Ligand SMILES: Cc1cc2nc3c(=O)[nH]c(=O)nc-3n(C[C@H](O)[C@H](O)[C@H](O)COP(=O)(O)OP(=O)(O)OC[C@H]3O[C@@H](n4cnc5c(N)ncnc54)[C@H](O)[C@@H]3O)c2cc1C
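Quick heads-up: it's one chain on its own, the form predicted on its own, in structure tokens.
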Amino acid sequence: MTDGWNIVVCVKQVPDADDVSIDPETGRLNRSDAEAVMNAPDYNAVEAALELRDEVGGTVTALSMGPPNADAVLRVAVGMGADDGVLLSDPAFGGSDTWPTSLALARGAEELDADVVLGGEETTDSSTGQVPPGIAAHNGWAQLTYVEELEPRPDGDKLVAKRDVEGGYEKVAAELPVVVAMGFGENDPRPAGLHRKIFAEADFEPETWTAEDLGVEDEVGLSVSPTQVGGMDTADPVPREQEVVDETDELAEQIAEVL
């Protein structure tokens, strides 16, 4: 591809984990009192996308699904260096679990004619790790998960990934188009440059697509989600007792006796 690759990076707005609570009536996350931030592993995905663009050329487009104020995470990605951003926003998306969510993102990636789609390995608000593989499944594309490093082979339209596996790592090559789930902490995300940050916050306006735009209006939302919360309860704090032992030669014996 002489003009480089079309790189799409999926980013998600999540509630700050320190502020989140559970709505006891719906069993869903109550985000109203929580500060909205970009999902931590997605910073690694954005950095990997930018590094790919630096090597092979092309463009990086940030893609997110959420309410209108989720455009904030697109601005973070653009501030870091992404070329553009698209927000999938529609009341019809409300309550979608990972299956319809990955379907909507898959259709968005198709619309963007993506060669490579990147995302963080999981999100801090649900930790399923299912969305990047779901995008690949919906589109019939290759997938690379638990990725530590990426090595593009633009002459053969392939991407080589160093994957974290039990006891070591492996290198796997996949032909484009491919979906990549980047491991959390596997690179050092660049900070937003001053001029890019000003542009992202003051001048950048992402395009917004609805469920109808993607042709998925009957395939998203709570009613078609295979997984739903059947009930929840809050566990009472476990009381903890404390006992101080002397610093003596018999310390190990004292600890063993307490245990």
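Computed from a predicted structure; not experimentally measured. The first residue of the shown sequence is 1; numbering continues from there.
Keep in mind that the form predicted together with this ligand is not shown, yet the notes after this line are about it.
Using a 4.5 angstroms limit between non-hydrogen atoms, residue 64 touches this ligand in the predicted bound form. The closest heavy atom approach of residue 121 to this ligand in the predicted bound form falls within 4.5 Å.
Not displayed here, this ligand is approached by residue 131 to within 4.5 Å at the level of heavy atoms in the predicted bound form. Of the heavy atoms in residue 184, some are within 4.5 Å of this ligand in the predicted bound form. Residues with any non-hydrogen atom within 4.5 angstroms of this ligand in the predicted bound form fall in just one of 39-47, 52-60, 190-198, 203-211: 39-47. Note on the partner interface in the predicted bound form: the residue among 84, 125, 149, 110 having a heavy atom within 4.5 angstroms of this ligand is 125. Though this ligand is absent from this view, in the predicted bound form it lies within 4.5 Å of a heavy atom of just one residue from 78, 136, 114, 105, which is 105.
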